[in-house]
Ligand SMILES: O=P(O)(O)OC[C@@]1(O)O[C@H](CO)[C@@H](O)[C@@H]1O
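For reference, the chain that follows is the form predicted on its own, supplied as structure tokens.
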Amino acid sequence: MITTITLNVSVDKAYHINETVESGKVIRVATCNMTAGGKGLNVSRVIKMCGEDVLATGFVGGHTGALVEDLLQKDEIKSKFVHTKGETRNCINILDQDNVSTEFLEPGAPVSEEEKNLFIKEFDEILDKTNVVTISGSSPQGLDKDIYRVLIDMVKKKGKKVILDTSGELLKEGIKACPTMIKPNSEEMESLLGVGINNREEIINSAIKLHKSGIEIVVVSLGGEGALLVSEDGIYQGKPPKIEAVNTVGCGDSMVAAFAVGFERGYSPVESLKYAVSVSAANALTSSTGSFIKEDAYKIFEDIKIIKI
């Protein structure tokens, strides 16, 4: 089983409009999609679509939290959340006529010390039944910046694999526990290493440094050019065919999900890279966040180029 951790859960609303976003103007929404959100729940949905057993955990609260659980149930995703006194947040993504995305992200309601301790206790029990853990996104108020390091230590002590996908201080603290895999972008690597990254060679060198620091697999998204992977097996780029992207929001989460599936199935790092790039690219062909059509992924998979660097 794969377990996804989403500490800052939300209800995500995607508003599709037939014009551009303009300040001070009344804009009518053409269509609206509502999903259980937060990066880890996007990961959960894609893992389920890949055909693997997944459990979503984290914090939910209030009426919005109950809606999250209801939406997950409709998606047939099992969940075990700690319920908080605070209300779960909403996040809005506006997609205009040119598929340009504008996002409004609410902060998460504070989590108490008691709620945090209950989560850690329940997570320890969950670990006995899982093989792979993903930790994604931001954390709500009330949690220390080393919360991900604590959780990664718990996972590793039980001999399980863990993927960390976050940013800022949470990432800086989290990598001290050497997760199995991280997926930073160029800006995040600049912050972690204190260097400037201006070209492909510097991206590769920075990923190598992070790998040598004790992180087994470092994956860097290259947008339409796919992704770069650094591991003991070498340095590889998975390059997808050219596609007409509809919505790129959730592509990173889809990539994390597919790598988790690869770990669960015992794929090699390179096999996982090819699979993850195909799922991520397929996500870009749909208007929904954290979703893909299997037939699209199959077609893309056949045309992906694996380049050894």
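One rule holds for the numbers: they count along the sequence shown, beginning at 1. Source: prediction; values computed, not measured.
Heads up, the form predicted together with this ligand isn't pictured, but that's what we're talking about next.
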With the partner removed from view, which of 206-214, 155-163, 100-108, 70-78 is the stretch that lies within 4.5 Å of this ligand in the predicted complex, judged by heavy atom distances?
100-108
Give a yes or no for residue 149: in the predicted complex, does one of its heavy atoms lie within 4.5 Å of a heavy atom belonging to this ligand?
no
When the contact criterion is heavy atoms within 4.5 Å, does residue 91 count as touching this ligand in the predicted complex?
yes
4.5 Å heavy atom contact, residue 174 to this ligand in the predicted complex:
no
Looking at the partner-bound form in the predicted complex, is residue 250 within 4.5 Å of this ligand by any heavy atom?
yes
Pull the contact list for 41-57: residues with a heavy atom within 4.5 Å of this ligand in the predicted complex, in sequence order.
42
